[in-house]
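Next up: a single chain in structure tokens, the form predicted alone.
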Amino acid sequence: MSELLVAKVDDLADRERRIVVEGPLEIGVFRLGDEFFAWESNCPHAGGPVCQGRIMNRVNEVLDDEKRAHGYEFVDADVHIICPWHGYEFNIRTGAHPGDRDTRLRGFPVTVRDGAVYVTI
């Protein structure tokens, strides 16, 4: 195992990412508040560079008790990465696809030490 320096903590704003490359491996490191998450930038659907995709909150359709639609809402607690190739979404905190918990990104441990963010590969 080796540890890669990603950035200083203060250099990554909330909801910002950094892409680090080690040989053929590309990893996206994301900041959500005071938490950091690292995922291989390889979409399990078709191999797209998922960590380079758009970051946005999950979208829910608002339904009443009779299942009539009343528009959409953004869920602040669930932030997703959207693969730029085919639109597959993954929760940044869990790496899981919201519709199929068995489809997920490969994760890596992240450490914050002495004001810097490191990922272990």
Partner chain sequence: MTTDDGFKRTYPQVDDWTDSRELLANARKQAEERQLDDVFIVDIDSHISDGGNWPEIMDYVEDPVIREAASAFGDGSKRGAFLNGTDGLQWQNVWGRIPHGQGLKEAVEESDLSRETILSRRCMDQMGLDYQVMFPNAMLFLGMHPVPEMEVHLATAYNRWLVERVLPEDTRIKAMMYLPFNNPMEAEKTVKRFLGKPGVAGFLVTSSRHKPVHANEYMRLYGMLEEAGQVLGFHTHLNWQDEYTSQLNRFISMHAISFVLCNLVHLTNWVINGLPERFPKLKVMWIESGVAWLPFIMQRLDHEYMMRTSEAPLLTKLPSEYMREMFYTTQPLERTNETLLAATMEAMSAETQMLFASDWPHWDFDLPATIWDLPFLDEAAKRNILGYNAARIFDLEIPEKYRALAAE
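Residue numbers count along the first chain shown, from 1. These numbers were taken from a predicted model, which means no experiment stands behind them. Here, rigid core means the biggest group of C-alpha atoms that superpose within 1.5 Å across both forms.
Missing here is the form predicted in complex with the partner chain; even so, the following discussion is about that form.
A heavy atom within 4.5 Å of the partner chain in the predicted complex is found for one listed residue only; from 56, 32, 96, 75, this is 56. Residue contact check for residue 19: one or more of its heavy atoms lie within 4.5 Å of the partner chain in the predicted complex. Proximity of residue 61 to the partner chain in the predicted complex falls within the 4.5 Å heavy atom cutoff.
For the stretch 67-90, the set of residues having any non-hydrogen atom within 4.5 angstroms of the partner chain in the predicted complex comprises 72, 74, 82, 83, 84, 85, 86, 87, 89, in sequence order.
With a cut-off of 2 Å and the rigid core superposed, residue 68 has a Cα displacement that reaches or exceeds the cut-off between the shown form and the other one.
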